[in-house]
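Only one chain is given next, in C-alpha cells, and it is the form predicted alone.
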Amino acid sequence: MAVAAQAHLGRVLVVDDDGAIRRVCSRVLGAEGWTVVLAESGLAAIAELEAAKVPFDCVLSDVNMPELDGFGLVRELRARDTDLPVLLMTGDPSLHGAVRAIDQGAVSYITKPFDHEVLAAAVARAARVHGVQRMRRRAESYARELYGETIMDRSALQGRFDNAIAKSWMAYQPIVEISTKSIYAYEALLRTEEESLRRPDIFIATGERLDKIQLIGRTVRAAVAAAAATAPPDTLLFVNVHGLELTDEDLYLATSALAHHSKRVVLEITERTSVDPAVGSARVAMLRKMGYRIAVDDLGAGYAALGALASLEPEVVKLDMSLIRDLDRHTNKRRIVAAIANLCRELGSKVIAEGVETVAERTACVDAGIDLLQGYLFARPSKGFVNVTF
C-alpha cells in the first residue's frame, strides 16, 4: 500500500496490478486534491476497505487482475456498501464490457489509455453522486431521530416540504467591518414555519432527498430579490448557493429577479455536495460575467477545502465558526487562522470570520488580521435588516 500527498477533496482507493498505472492515477488524482490509497489486487483492496478508519469516497479499479478481478471486486463491495461508487478501468472498450460493468454495480467505465482530465472528472462525478447519497441518508436519519417514522413516507415528506416552501422566509444577519464600525453586508438565511423542518440543515437535506434543491434555490433568490430594495444602501447581500444549484439554468437568466441586483450580491458556494470541477469553474465564470461576486463558505469545516481557493478564485472567503470558536484560548489555532487569512489576502480575497460570539474572539480575529466579522456578538439573524451598535 502507498499513500499519496495529503489532500482535501476526499479519499480514493486505486486498485490495479500494474504499478505504473497505480503511480499515474496517484499522481493525477493527488494533484487534483484527493488522498489516494493504492492496492495491487482486489483482495488487497478489500483489506484496505475493511481496515479503513476514514471511509472512501470512490474506488477506481482495473478489470483484469488475478485472484479477484474488477467485476468480482464490485460484487464484494456491493455486499458491504451499496452506495460506494466504483469506476472500472480496462483496455477493452467493447460495449459488452461496459454493459457488464454497469450491471455489476459500477457507476462508470473508462478505457485505457485514458486522458488525465477524463480520469479526474470521472472520479469527481462519482464522488459527487456519493455525496448526494450521503446527504439523503442523513436527511432520513434526522427524520427518524427527531420526528419519528411517519415522516419517512415519501408522500407525507413531500407534503411537509411543500408546506415548508410555502411558509419559508429569509432571516438576515449583518457582517460588520470593525475598522470602519459599519455594516459591510447581510447574509440571507433560509427559515420556515413548518415545524418538522425548522432546522435549516434538515430542510436542505430533505430538499436533496426529494431532488428539490433547485426549487429551494429559486425560492431563496426570489425572496432576497424582493427584499433587496429595503436593504440599507451600500451594503452587500450574501446568498447561499448549493453545489447542485450550479446546474439550474434559472440561475443564469438575465431576466431572473436576483440578476437585477447582481452587482451587490455575493453568492456563497457551499460544498456540502461536491462541485464538479469539469463544470464548476465555467459556471462560476458565467455568474461573474453577470456581475455576481463569489464567496467560498465554511472554509475549515471539512466541506470547503483550500483547493476551492484555486478553482473558484473567490472574492470572499468565510472562515467556519469551528476555527473561530475559542480562538483567543488556543495559540496554534490563532496561528492557523492568521496564516489562512494571510493566504487569502495574497490571493486577492477578503476574509470573513463566522460565529464570533465573544469580545475575546473578536479581539483575536482582529489580531489575526481579519476585519470582517459575523456572529451573535453583533446580531442574531432576524426578519429585517437590523442595525449594529459598536
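Residue numbers run from 1 along the displayed sequence. Predicted model only: the values in this text are computed from it and were never measured.
Below, we refer to the form predicted in complex with a small molecule, which is not included among the displayed structures.
- Of the candidate stretches 23-31, 46-54, 320-328, 336-344, only 320-328 has residues whose heavy atoms lie within 4.5 Å of the small molecule in the predicted bound form.
- Under a 4.5 angstroms non-hydrogen atom cutoff, the small molecule in the predicted bound form lacks D69 among its neighbouring residues.
- Contact between R191 and the small molecule in the predicted bound form is found at the 4.5 Å heavy atom cutoff.
- Taking the partner from elsewhere, N240 is found to have a heavy atom lying within 4.5 Å of the small molecule in the predicted bound form.
- Proximity of E354 to the small molecule in the predicted bound form: non-hydrogen atoms within 4.5 Å are present.
- Proximity to the small molecule in the predicted bound form, defined as a heavy atom within 4.5 Å, holds among S196, T219, Q173, T90 only for Q173.
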